[in-house]
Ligand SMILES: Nc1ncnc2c1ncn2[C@@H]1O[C@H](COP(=O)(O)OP(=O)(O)OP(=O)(O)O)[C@@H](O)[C@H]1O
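Taking the form predicted alone, here's one chain by itself in structure tokens.
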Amino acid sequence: MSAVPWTEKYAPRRVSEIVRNTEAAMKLLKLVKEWKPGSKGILLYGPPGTGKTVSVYAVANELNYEVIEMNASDTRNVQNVMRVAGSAAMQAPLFAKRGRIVLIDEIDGLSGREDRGGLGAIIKVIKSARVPVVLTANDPWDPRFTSLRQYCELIEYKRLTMWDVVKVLRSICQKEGIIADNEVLKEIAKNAEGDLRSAINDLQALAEGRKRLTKEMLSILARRDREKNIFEVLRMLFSAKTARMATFALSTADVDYEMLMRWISENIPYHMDDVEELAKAYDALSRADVFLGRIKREQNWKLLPYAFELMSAGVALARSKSKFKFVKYSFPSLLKELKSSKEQRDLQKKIGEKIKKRCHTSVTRAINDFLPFIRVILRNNPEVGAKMAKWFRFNEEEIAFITGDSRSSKEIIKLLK
């Protein structure tokens, strides 16, 4: 069996090979060919596995263009968007290629503090680009993308039918010399819910070491629940007997790598009783963490496969003595603590905002440098504390949080009234 993922081995090389969404891919080809500086960006949207990303590479292959991709794993803050996508959009192509496409994949991932300013930077890249900029998204109508849409030509990719997927799976089986019952291919296609990439991955996992696929084998194929599949992923990982099956298990997860690592770390002890097994599993996980840290610092995403192998095969194959058993998996304890303290953290942030406004500093510095001194004053000198609370416009809840002492907070509130 080839070690090359079938999603890559059988990826479309030409626009005409795109399944079901050939018309959308043809429109992309036309826009890229006619693109000139000042033109809009191109936003491909539709469900996962419908051919958005492979269409970009098929177009590039037909036009002899190179693709510079900023994928879903990249941090989308201003600095990184400008460093990766911005510089690529302004420079001449490498390797004597005729042109270049800058691909920013899965912009739905824009969220949280690390992505602050990233959307504005993407718009800036589009406006100043000297080469076509293509973006992909599942839902372009998200309110976050209101400003972005006016700078893009939108192309819709429709969900594949079960028969579209079955046709591709049957073609792959013929090329790989695999005899597959029609019911097997239909079940894989149905299970994938229109996601061709997922269906091909499932087929490859099921065909590992086999030349015939029968309906009875479907029991080893985990159903993809895209909202609640983390428990099934863990079960598949800890029951895996080969590196390939362990890697496949993690590839079906719908959470990011850091979250996945926390889930694995929390639940290793439930499956491994032996001290040596635990040591090997956590050693593999710690080395994966080192790789992820290096990837973030250096933006060297070529190291990601090493982290992924350590998290999957490294952990699963550490179990050599303990027998697999069905267990009730635990939610990561750190995330539980963060969730339970969310109200307090939100309150602290509101206090930081008020200090920031009065002291003309950042929220971080307000919380780390100013708040500790304010707390000491409010606790030990209620009269001065009341004046400070009035000046900062702290409410009763915020005063109680800052002092952490009911007696002091009551005295200050009494003075304020």
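From 1 onward, residues are counted along the sequence shown. Owing to the predicted nature of the structure, the values given are computational and were not obtained by experimental measurement.
Quick note: we don't show the form predicted in complex with the ligand, though the next part is all about it.
The candidate site formed by Thr247, Ala288 and Ser312 is entirely out of contact with the ligand in the predicted complex, as no residue has a non-hydrogen atom within 4.5 angstroms of it.
A residue is said to contact a partner when one of its heavy atoms sits within 4.5 Å of a partner heavy atom; Thr53 meets this definition for the ligand in the predicted complex. The ligand in the predicted complex is approached by Glu106, whose closest heavy atom lies within 4.5 angstroms of it. The ligand in the predicted complex comes within 4.5 Å of no heavy atom belonging to Glu23.
When the ligand is considered in the predicted complex, Gly49 lines it closely, a heavy atom lying within 4.5 Å.
Checking Lys124, Arg197, Arg100, Arg319 against the ligand in the predicted complex, a heavy atom within 4.5 Å turns up for just one residue: Arg197. Contact with the ligand in the predicted complex, judged by any heavy atom within 4.5 Å, is made by just one of Asn138, Thr242, Ser147, Ser251: Asn138. Screening 346-354, 376-384, 27-35, 41-49 for residues having heavy atoms within 4.5 Å of the ligand in the predicted complex returns a single hit, 41-49.
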